[in-house]
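In the form predicted alone, a lone chain appears below as structure tokens.
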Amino acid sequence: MEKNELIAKVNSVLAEEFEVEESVITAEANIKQTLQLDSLSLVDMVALIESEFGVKIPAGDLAKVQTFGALYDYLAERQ
């Protein structure tokens, strides 16, 4: 999957699941703040990403993925 396609899919999936406008999802935006995630909904988001993209995100890696840009890069490296 091209990186542009990956970004579009991530944005679409997360915007729909967490009921936010896709326009607020930018590479620089903080994931937890933008999607208004608490610890439980963060786990839901990780499960959704793992399911949609067929990757496993270890808890140790999650701390490194604070922005949407970091998430795009993380997923692109694991495809």
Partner chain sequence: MIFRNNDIYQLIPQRPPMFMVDVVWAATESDADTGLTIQENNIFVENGLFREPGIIEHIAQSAAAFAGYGTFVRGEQPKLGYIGEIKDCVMHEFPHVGDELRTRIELVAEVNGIRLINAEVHVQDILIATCQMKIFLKDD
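Numbering follows the first chain given and starts at 1. Everything quoted here is computed from the prediction, not taken from an experiment.
The discussion below concerns the form predicted together with the partner chain, not included here.
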Considering non-hydrogen atoms and a 4.5 Å limit, which listed residue (20, 62, 10, 55) is close to the partner chain in the predicted complex? 62
Mark residue 46 yes when one of its heavy atoms lies within 4.5 Å of a heavy atom of the partner chain in the predicted complex, and no otherwise. yes
So, residue 42 and the partner chain: in the predicted complex, are they within 4.5 Å at any heavy atom pair? yes
